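Shown below, as structure tokens, is a lone chain in the form predicted alone; questions about how it binds or moves come after it.
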């Protein structure tokens, strides 16, 4: 026992050192770049190029630390990889390539963890249990098993040491971010730390994940094109999640979808409708969208249509009660081209500026309106325009004194990015504005008592 404790203490010390030295190297590099800005006679173009090289190297250093330390650090860096509003594009480019695939843990460790959670030998709970994992991620890995009745299930097992490492890493990062806040008054990372500190521990609670899954499953109980695997609560605990095993193909696997004879347009339509219903009608949505968490299979009994299978509900988001009304106001001001009204809508949605003025938000609003005008006479979203906006808007946000973008809007942006990317991958175009507005209007109308409708009326 003492040997194990010493090993764990050494591991925590090494992780703290690795995190600290990586952060210190980047911080000191940043100060060096700032000194060169003041001392050099470079042109603006040369300065931009120099900063870009520095950011690229720094992003690679963070990537290397994340892939080595794994666990919370890997998960946190994946989260950062979606925060183009905070980090320069070179960091996003490096961190967005992080894959949630890591070498699986030894089966002996996994078996011990399962038996500890079940308080019973593995063979008394499962008829068969595969020693090889079918998926290994930053916080847990998944094994295929059979219940005593022969039913196939997916068993998600949390790594034995991960909870302690998460709390240790969180403490290390909080100390670092506070130190940076003392040194750099205009560089406040504590709100980001609060987001990480809120989300990651929730993902360690598999009971919470199971509840999220059942909640979203209930939304689609009358639809055969959307499916959420059933949770087996009798064998589920805080660190062990057992659900129906569903075989299928990744939603981004075009060749497999075509071989199965499924209609890509129908699949894309179903996915977009599923997210619109979650977000605008129910105000609660699956907030970890990537192709690894979305599968497709033929609808049982109907081989011509595809069924979307949602997986991994560790990160799900409840939207503020007035979000849908404020969103409709935002869309209205966007269509009318009123940047002043739009900046007010952004404030209502939860944007915050350092001096509480609207000037910075009006710049963001003007950029969005320009994009809207560019797309006004196009039936579908132009991928190039979306790409430009994804680069320009984060730049405006970083350059102007906007201190907070609501977390739920960042997560919603990930959903939009997913739909846009999948649309390109599947070569399917959707009129997203025409799709969203009826759901958004229905979401607002559902605040009236007695309205039980869960889908917009057919046109």
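None of the values given here were measured: they were computed from a predicted structure. Numbering follows the first chain given and starts at 1. For clarity, a rigid core is taken as the largest C-alpha set superposing within 1.5 Å between two forms.
The same protein also has a form predicted in complex with a small molecule, omitted here; what follows describes it.
- When the small molecule is considered in the model of the complex, only one residue from 245, 327, 177, 126 comes within 4.5 Å through any heavy atom, namely 245.
- Put simply, of 290, 105, 363, 239 only one has a heavy atom within 4.5 Å of the small molecule in the model of the complex, and it is 290.
- Annotation: in the model of the complex, residues 217, 273 and 419 none come within 4.5 Å of the small molecule through any heavy atom.
- Segments offered: 335 to 343, 273 to 281, 164 to 172, 291 to 299. Contacting the small molecule in the model of the complex at heavy atom distances within 4.5 Å is 291 to 299.
- Taking the partner from the other structure, the small molecule in the model of the complex has a heavy atom within 4.5 Å of a heavy atom of residue 140.
- Put simply, residue 78 is close to the small molecule in the model of the complex: some heavy atom of it is within 4.5 Å.
- Within 4.5 Å of some heavy atom of the small molecule in the model of the complex lies at least one heavy atom of residue 229.
- In the model of the complex, the small molecule sits within 4.5 Å of a heavy atom belonging to residue 311.
- Core-superposed comparison between the shown form and the other one: the C-alpha position of residue 166 differs by no less than 2 Å.
- Wider separation of the C-alpha atoms of residue 202 and residue 76, by 3 angstroms or more, is seen in the model of the complex than in the present form.
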